[in-house]
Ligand SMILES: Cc1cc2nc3c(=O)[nH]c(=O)nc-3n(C[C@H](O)[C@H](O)[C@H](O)COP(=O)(O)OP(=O)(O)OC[C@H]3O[C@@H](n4cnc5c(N)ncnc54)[C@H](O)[C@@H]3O)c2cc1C
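As structure tokens, one chain now follows by itself in the form predicted alone.
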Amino acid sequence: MIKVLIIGGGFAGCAAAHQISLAKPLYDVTLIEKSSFLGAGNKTRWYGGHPYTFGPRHFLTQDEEVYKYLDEIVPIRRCKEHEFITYISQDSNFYNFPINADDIPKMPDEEKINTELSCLKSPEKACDFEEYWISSIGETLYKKFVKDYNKKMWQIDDNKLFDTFKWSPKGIALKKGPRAAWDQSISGYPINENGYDPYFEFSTQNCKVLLSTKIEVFDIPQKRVFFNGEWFKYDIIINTISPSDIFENVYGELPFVGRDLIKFVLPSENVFPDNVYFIYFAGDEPFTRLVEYKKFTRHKSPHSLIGMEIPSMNGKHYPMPMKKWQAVADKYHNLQPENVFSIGRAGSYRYEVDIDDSIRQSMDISKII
């Protein structure tokens, strides 16, 4: 019997447990989660009678195979009509997001913006985040939509610190036409009122799940860990937490940005405009966006639950998208011996890894092992 350890019970860990279980009875799988529940930020919670997750957590993918896989287990309602808007305080107005050329005529500085757009440089040679965006949309639009938002999103003082762009909407910096959301992707949310929760239960039914359990010492080179007063050795380890954590920070601790979530219920059946799911705030507000949860959940109520997301250092939610730290993460990944893998957003240490990528990674690992 091959012994497998999965570290972390979020989407990546649960998906890995399910993919490995498809090869039973060859594998004896243990999943260890330090919190008291599975699903991490994707777990459905309730406030004021309304279901919500930590952030919107909608399912967004261009991978048809992954969509069909999840849809068979947790039926997904497609959100074909969803739109995002941004509040620009200096204009006292709301515009589409991603930035849409159709909104420019509504802006008080239309002439200046069009002049800048007519003489843009190629963004492909940009050296940093600020240069990329100014080269893509001009300085005025950059200052309106991107500059302050990105600084508060990542808790930084200078956007020039960022030297990667893949995680940003590169290639769609300025959209045209009536649809301002992610046109090429499938967007959806579980039909079940408990959201993704049935998936976490289903995917781990054939493995041993240890909740509220913290691994005290990692010995990854020997593929063993210490918890509950004992050492336990495994043949395969699948890690979904920060790779610096499992190697005792030998190259330094990898930085993450966290989130505080403020929830409040408003006395209206609907609050946002039709089809608007998120409202971003690009100015000096302390929060980055509001989410009206019932747009995703379709929860029936005369009231509506709103979530306000405030960037903080509370929690390891978003890996820093900088080459410096990605290189350190890769050094940690290179320390992993054969049959040790790191997946998911935290394990990969890549911001752009989402639910669909975590599932795809688990599928790929199951083929390798």
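Just count from 1 along the sequence shown to find any residue number. Everything numeric here is computed off the predicted structure, so don't read it as measured data.
The next section is about a form of this same protein that is not shown, the form predicted together with this ligand.
**Q** What stretch, of 298-306, 22-30, 317-325, 331-339, brings heavy atoms to within 4.5 Å of this ligand in the predicted complex?
**A** Answer to the contact question: 317-325.
**Q** Taking heavy atoms only, is Phe218 within 4.5 angstroms of this ligand in the predicted complex?
**A** Flag for Phe218 set to yes.
**Q** Wondering, does Val4 line up within 4.5 Å of this ligand in the predicted complex on heavy atoms?
**A** Close contact is absent here: in the predicted complex, Val4 is far from this ligand, nothing within 4.5 Å, heavy atoms only.
**Q** Heavy atom to heavy atom, is Ala346 within 4.5 Å of this ligand in the predicted complex?
**A** Yes, Ala346 lies within 4.5 Å of this ligand in the predicted complex.
**Q** Does Ile355 reach this ligand in the predicted complex if we count a contact as any heavy atom within 4.5 Å?
**A** Yes, contact at 4.5 Å.
**Q** Where, within 44-80, is there a heavy atom within 4.5 Å of this ligand in the predicted complex? Residue list please.
**A** Residues within 4.5 Å: Phe54, Gly55, Pro56, Arg57, His58.
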